[in-house]
Every structure is written in C-alpha cells, then in structure tokens.
Ligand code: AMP
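In structure tokens, one chain follows: the form predicted alone.
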Amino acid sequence: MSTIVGIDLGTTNSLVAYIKGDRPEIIPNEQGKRLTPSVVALDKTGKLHVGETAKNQLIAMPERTIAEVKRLMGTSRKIRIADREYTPQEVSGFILRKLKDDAERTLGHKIEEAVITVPAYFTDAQRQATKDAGELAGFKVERILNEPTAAALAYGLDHLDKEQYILVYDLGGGTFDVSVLEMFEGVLDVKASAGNNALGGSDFDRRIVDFLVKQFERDHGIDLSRDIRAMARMKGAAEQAKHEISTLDTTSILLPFLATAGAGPLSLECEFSREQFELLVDDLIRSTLEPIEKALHDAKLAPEQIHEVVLVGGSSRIPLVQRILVEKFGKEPKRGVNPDEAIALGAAVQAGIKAGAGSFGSKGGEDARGIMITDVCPYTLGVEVVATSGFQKMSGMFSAIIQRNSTIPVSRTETYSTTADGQSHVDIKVYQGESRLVKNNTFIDQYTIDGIPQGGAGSERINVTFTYDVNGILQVRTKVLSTGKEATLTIERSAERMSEAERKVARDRVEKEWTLRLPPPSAPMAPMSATGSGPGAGAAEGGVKAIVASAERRAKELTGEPRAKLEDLILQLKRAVARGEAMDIVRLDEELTNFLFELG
C-alpha cells in the first residue's frame, strides 16, 4: 500500500504526518522539529531556502524573505523576493516540496499523493490555488480537507465510542474557523462551518507592533513605520512577547539600535503586560463570537448543547481566547489535542482512510474501529438571475441553488425561465456567497447555452443542476425542458487558477529552483547582528528562561505525577541549555510549553 501523507499548510507553520500502524504521526523536518516555518527566502547568492533557515533570514534580510503567503492564495498578486517574482502557488509549492522531501527522507521512499488542509471558509479560488501548489510540489492532490474537520478527526480518534456534539475553534496564524460536528458510532458529521479568512495570530502581532512603533515615537520622536528592517525586528519581538505573556503576566521587550540620531544609536525598551495585550486585541478575539453564533444557528444548536469545545491553532493558547469560550459555553475548552498538530494528524487520518486503512484506534487490534466523516459546503452556491418586482426587472440578483452548510456530496436543481422576448440563449454565471446581489459575492465561472426556441418572455423553462463533491468540485448542468438540450460545465478551475500551460511552466520552475538550492544547512544562512537584531542565541535563551520561570512557578502549585513530570521537563531543558544542544532545547521547549497548556 503506498503512503499518502496529510499536510497542514499553515500561515505561520506547516506540518506533514502519516499513519504509522493505526495512529497518525508527525514527520520531523531536517532539524528534528515537528513544525516547519512557512517561510521562503533567497540568500545573497540567489539560492532558495525554506523553513527554519528562511525564517532566520526574515529579520536580517526582510526584502529577500516572504512569510504568510497563505493569505494571498487565490489571488493574482505577484510576490517579489529579492529580484524575482513568484505566484502565491509557487511560494506555497516550495513549502510543500520541503515537506515532501522531509517525508521521503524519513520514510525512505517516494511520496506521490497528499491530503492538504485548507480553512473551512476558503473560497473556490483559494482551494484551487492550494491544489495547484500541491501539484507544483510534485504531489497528486485528490483531496482538499477543511482544517476544523481534520482537527475533529484527530480528536475523534480517541473518542469513537462517544455520542456528542463538539465545536472546533481553530484560531491559527492567519485564519479563523469554527465547525460544529456530531459524533456517533465512529461517524463525525459536520453540521456547520463559519469563519474569517483574514483573522489570526499575525493580526495580534501587528497590534503589538503598532503599540511599539508609537512607544518608540513617544520616547525618541522618530516614526519607524517605513523602516522595513526595524519593522521586521519589531514583528519578531511582538511574536515572542505574545508567546511569553500566554504563560507570564509581564515580559520585557528590548530592541537595541533600532535607529540612530544625533546622540547616537536609539533602542526600544519597555515592559509589556498581558493586560496591555488583551486591551490591544480584545475586539479581534471577541469578533470570533459572531462566526460561532452563525455556526451554532446553522447547526440548530444552543451553546449548552455543545459537549466539548476543542481548541486548534497556536493562537488558541491565548488566555483571553479561553476565557471568552468559558463565558460562552460555561465549560473549560478541551486541552487534550496539541493545538499545533491536530490538523496535520487529522489530515493523516483522512489520508489513511483514502489509502485503504480500514480502522484506527488507540491500542490497535480489537480496539481499532472504523471512522467515517461527512463534511459541508461552506458557502452558498448559485447563479445570477433577473428578478421581477412588480413591473420592474432587476438584474444582478443572486439565486441560491446549494445552501451553505449543505452536507456534501450534494446535488440540487432549480428551474428558471427566459426573461426577454425572442431570447435564444442564456448565460449561466456561477457565484458563491451570501449576498442577494452578485456584485457582493465571488464569481466562479460562466458558460452559455444556446439554441433555445424563440418565443415570448417566460415561455421557455431551463433546469440548472449543481452537483458539489467532497473535493470541492462543482458541476453545473443545464437542460432546456422543451427540447431536452443539455450543456455541462465542470468547475475545477476558478478564474484565478493557472492554466495547464502556466502550471507546467511553474512546475518546471519550482523543480529547477529546488534542485539548485543549497544543501540542507547545518549552519545559519546569514550572520545575525551582534546587537541582537536577529533570533539568535540571546533571543532563544530569553524565551527559554521565560518558559522555565513560568513552569517553576506552576510546579509549586502541583502535586504528585503532574509535578514530577513538570520538574523533569524543567531539569532536562536546563541541562540542554547548559550543554548548548540546540535541537534538544527546541524540542524540550515545545514539550514544556505544550504540557503547561494541557495543565491549564
């Protein structure tokens, strides 16, 4: 049986996983880390870097580095890195190729197929761009899976015997999704999804950066908002501060030599508290309540009917997020699933199902059980029509055919009439969205059916059938009832999607640049500034000290096995720091952070 991997292509980090035995397992990258930064860079020699080494360059050479490309998927925007231009699909293709190579190195054989996850609220164009990126990386991508659905698969794996409603709250680096699911007898039935494709941890970082820019201007009278290097350094400091105040009440932000003036170099130094952070981002985090309400309404459930709230995405670790969910649902969110890894693990489960693995279970053997999942169409799909109000005709109106949150696969038919005397053809324009006006929705594609018998307005009737499958492929079929003439449009390619010729050029380009890249680096790409302008040893040590201090305070509150495990992790991390073992420091830092999160 060939291996199909599951991939979480994230805004901040990406992961790849596979089924080992009857359990999903994360595949580590070259540095032994489970998370690979979704960052692509060109060094000064023009060679390509992806992941950790690219992120190391982000602060030193921001003009040669790109991050958060996921937010540009599905657009026609070009991305400039140094002197080269790429499409979002190509940049994502580099990230996926890195994950592919890591998987092949670990498993010892070629990987040809992948299940790739996307936010539930991704549009058709964004989904197709993701599929393109996978193909550019050398994958066969037959399944695009919604991220909260994948997370529910990871959670459901150890709860197959339960009957309950769960709500998956997925707040990542760049997107927010919420899905409501029903679990029963090994079935995960998605009831509703909602979300915001432009909300995530990077937005919280920007609020902190704005705060720091104003702080520096107050202290020194200089506006740094147009200084690309200073802004990159402040973004790195903002992200670090955000992580630290999820476990600490306050942290220190120190950025030396941010600018120069007559008196010499100027630095930024300030205390930053959890209270300040919450004031900065309160409106953003509380805005997630509206999609929650929308999903609950569509699922026809009240908050008290939700048995478990499952947290997914690194930003779900923020204490304010957890507090508003306790206020909303009256219960503590579920902390049993690693928020960073749940989506990739669930994608691996779906990949295992696709590859023919019939059952999963925590112990295998007699405890292994089958698992099945249903999903929904996140957007309403329909066509543009001319509506009549009294004696007035209004064009540009949206007529829904498949309602949002319909279980997929699904097929629906609506009947329409000609609108003009002597009309011989009809333009079928397909849109997705929730507005009654097509101009406020997303155009997908169009085609024309002709040969309609000419007659008076309304004399001819036409059936329009939409069929939407589990991979997000929409087929549109029209039939003129009087003649039986049919026409069909299969929408596998949105207006923004690459043509086959463009895809071939991009695929060759990705392959060529990947082949010419530097060997897997063990040394840093570019020397970091001695003043601390990059994420070097000083920044890493500061982050470790903060998490150790938080863990030591937490240990004093515990007893028994939890305290013993926490103290053991603290001791291991301190020893790794003393010996300078970088890979162990990263691994133990992640383990300690995750354990603190699970303790609550």
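Residue numbers here begin at 1 and follow the sequence given. Treat the numbers as computed from the prediction; the structure is a model and nothing was measured.
We do not show the form predicted in complex with this ligand, though everything after this point is about it.
Residue contact with this ligand in the predicted complex: Leu258 places no heavy atom within 4.5 Å of it. Heavy atoms of Ser246 reach within 4.5 Å of this ligand in the predicted complex, making it an interface residue. Although the partner is absent here, Gly313 sits close enough that one of its heavy atoms falls within 4.5 Å of this ligand in the predicted complex.
When contacts are judged by a 4.5 Å heavy atom cut-off, Arg317 counts as touching this ligand in the predicted complex. Only one of Gly172, Gly134, Gly195, Gly472 lies close to this ligand in the predicted complex, with a heavy atom inside 4.5 Å, and it is Gly172. Listed residues Pro88, Gly156, Gly201, Pro378 were compared with this ligand in the predicted complex; Gly201 is the one with a heavy atom within 4.5 Å. Although the partner is absent from the chain shown here, Asn13, Glu239 and Lys242 each have a heavy atom within 4.5 Å of this ligand in the predicted complex. Listed stretches are 509-517, 317-325, 302-310, 380-388; the contact stretch with this ligand in the predicted complex is 317-325, by a heavy atom cutoff of 4.5 Å.
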